[in-house]
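The chain that follows stands alone, in the form predicted on its own, written as structure tokens.
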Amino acid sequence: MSAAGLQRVIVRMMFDPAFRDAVYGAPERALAGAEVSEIERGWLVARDRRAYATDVTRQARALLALEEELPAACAWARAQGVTLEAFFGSGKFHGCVEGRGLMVLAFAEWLAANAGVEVGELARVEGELAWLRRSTSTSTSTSTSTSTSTSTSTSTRLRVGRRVRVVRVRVGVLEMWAAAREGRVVGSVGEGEVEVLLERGEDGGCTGEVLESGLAALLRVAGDGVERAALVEEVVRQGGEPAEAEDIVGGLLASGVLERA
């Protein structure tokens, strides 16, 4: 028996009426693959099925939270006639709950698969930002507690900062994203791709900008960690002046685009 497995099934039943009916109709088939025992399957259907639907605003509240994180993608999806509530009956939703995943990322993937290319590209950008908000917030306490040792560290390895993400997207997506944040569902994506830098500021606000090819190459080299000297060499390789290469790397480090590995 698994209390966590039972809880995950209950969550799925509360959010998805069709799944709930399937569990009551054929629990063994509906719960194939779920971490629940035969006894637990009996517990699930012993109560009146209406007990799982007492909170009629559950879906709406969850969807509101998801839309707050993916506003542009949701605005475009609604404009295309996509019923966002259908997410809670999808395999993405059920797989996320069973796999203990991050629901906003599952929602972004579902949007990308069930709407046009514009929605898919916007969902990718906003999904990356959702991940960025979480990765930076969970590292705050660690970076604060080690600030003294970091400032005196002799490490020469640098990596892409935790407040930024480098993502390859279709041309025009950033303009669409900016317009949607102003309430305008306009624009289109082009055939080509660009690399963009998504950044979370100290105030929690997020920005995005198209990267110049040289900077994009430099951040690819930095990745999860590389010697500072290698980044200085990459700046020179990309056409930078040797005398300025160290200052360029230092500037990226000071701005948070790079950080000590």
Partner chain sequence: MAVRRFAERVRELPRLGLGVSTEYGAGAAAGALDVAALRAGWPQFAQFLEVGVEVVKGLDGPAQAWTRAGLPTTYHFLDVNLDEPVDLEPGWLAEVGALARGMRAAWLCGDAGWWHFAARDRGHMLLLPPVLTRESADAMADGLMRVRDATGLEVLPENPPGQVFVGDLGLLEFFARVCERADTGMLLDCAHLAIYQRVMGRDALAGLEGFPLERVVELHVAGGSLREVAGWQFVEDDHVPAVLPETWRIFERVAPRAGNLKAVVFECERNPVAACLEGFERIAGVWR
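Positions refer to the first chain, counted from 1. This one's a predicted model, so the numbers in the text were calculated from it and none came from an experiment.
Not pictured, yet referred to below: the form predicted together with the partner chain.
Interface membership of residue 26, defined by any non-hydrogen atom within 4.5 Å of the partner chain in the predicted bound form, is ruled out. The partner chain in the predicted bound form is not approached by residue 168, whose heavy atoms all lie more than 4.5 angstroms from it.
The closest non-hydrogen atom of residue 84 lies beyond 4.5 Å of the partner chain in the predicted bound form.
Looking at residue 252, you'd find every heavy atom of it more than 4.5 angstroms from the partner chain in the predicted bound form. Shown without its partner, this chain lists 116, 101, 172, 71 as candidates; in the predicted bound form, only 101 has a non-hydrogen atom within 4.5 angstroms of the partner chain.
The partner is not drawn, yet in the predicted bound form one stretch among 231-239, 50-58, 189-197, 217-225 has residues with heavy atoms inside 4.5 Å of the partner chain: 50-58. Annotation for 2-36: interface residues with the partner chain in the predicted bound form are 2, 3, 4, 6, 7, 8, 10, 11, 14, 15 [heavy atom within 4.5 Å].
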